[in-house]
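One chain comes next, on its own, written out as structure tokens in the form predicted on its own.
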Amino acid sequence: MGPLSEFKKYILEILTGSKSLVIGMGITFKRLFMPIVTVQYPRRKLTMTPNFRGHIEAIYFDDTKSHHCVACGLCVRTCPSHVIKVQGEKEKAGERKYGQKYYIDFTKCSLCGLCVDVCPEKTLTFSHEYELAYLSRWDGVIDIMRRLEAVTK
């Protein structure tokens, strides 16, 4: 190979690179004048679809003016991430247990929904809240029963 063929190869590479640069810049300029499709997030909030699965929350039932959790522990045993702790109390011996505390560590929750599916009383559901940012790890540990009481008051 002579110096002339090396020079031709070098010029061909420059022309090929220049062509791809022009094509890329053409696409960029075309997109520059198209309407914005991105939601400008803090200024505009997203509307979630009905199928969106946010974090877990308890359902408020009008007939009992509370939730129906009986602290059976099925959700605790089913959870693959082991992030649920349930504590229940009985008012009298022989009566049903009533769920008093229901803690979920949302910093480790995978939002798989097995706890919602397995609940025999159907007291758990998915929320439509999507802003789950915490300043501390402990802010992500939430008592769902206390949260339900705060929302219903």
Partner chain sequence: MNITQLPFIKEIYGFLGHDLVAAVIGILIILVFVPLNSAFLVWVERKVAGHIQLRPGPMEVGPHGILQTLIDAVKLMSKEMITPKLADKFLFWLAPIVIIIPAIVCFVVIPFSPLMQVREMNVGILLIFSFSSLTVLSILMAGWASNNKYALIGAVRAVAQNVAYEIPLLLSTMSIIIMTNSFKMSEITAAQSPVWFIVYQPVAAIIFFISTTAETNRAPFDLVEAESELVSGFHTEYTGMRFALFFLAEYTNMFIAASMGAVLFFGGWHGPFFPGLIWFVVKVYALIFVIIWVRWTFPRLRFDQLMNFAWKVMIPVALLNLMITAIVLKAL
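Throughout, rigid core stands for the largest set of C-alpha atoms superposing within 1.5 Å between the two forms. Predicted model, so just to flag it, every value in this text is computed and none were measured. Residue numbers count along the first chain shown, from 1.
Just so you know, the form predicted together with the partner chain exists too; it's not on screen, but the next bit is about it.
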| property | result |
| --- | --- |
| 4.5 Å heavy atom contact, residue 36 and the partner chain in the predicted complex | yes |
| 4.5 angstroms heavy atom contact with the partner chain in the predicted complex for residue 12 | no |
| Touches the partner chain in the predicted complex: residue 49 (any heavy atom, 4.5 Å) | no |
| The partner chain contact in the predicted complex: residue 45, any heavy atom under 4.5 Å | no |
| One stretch from 117-125, 80-88, 66-74, 25-33 that, in the predicted complex, holds residues within 4.5 Å of the partner chain by heavy atom | 25-33 |
| Cα displacement of residue 28 between the shown form and the other one reaching 2 Å, rigid core superposed | yes |
| Core-aligned C-alpha movement of residue 15 between the shown form and the other one, 2 Å or more | yes |
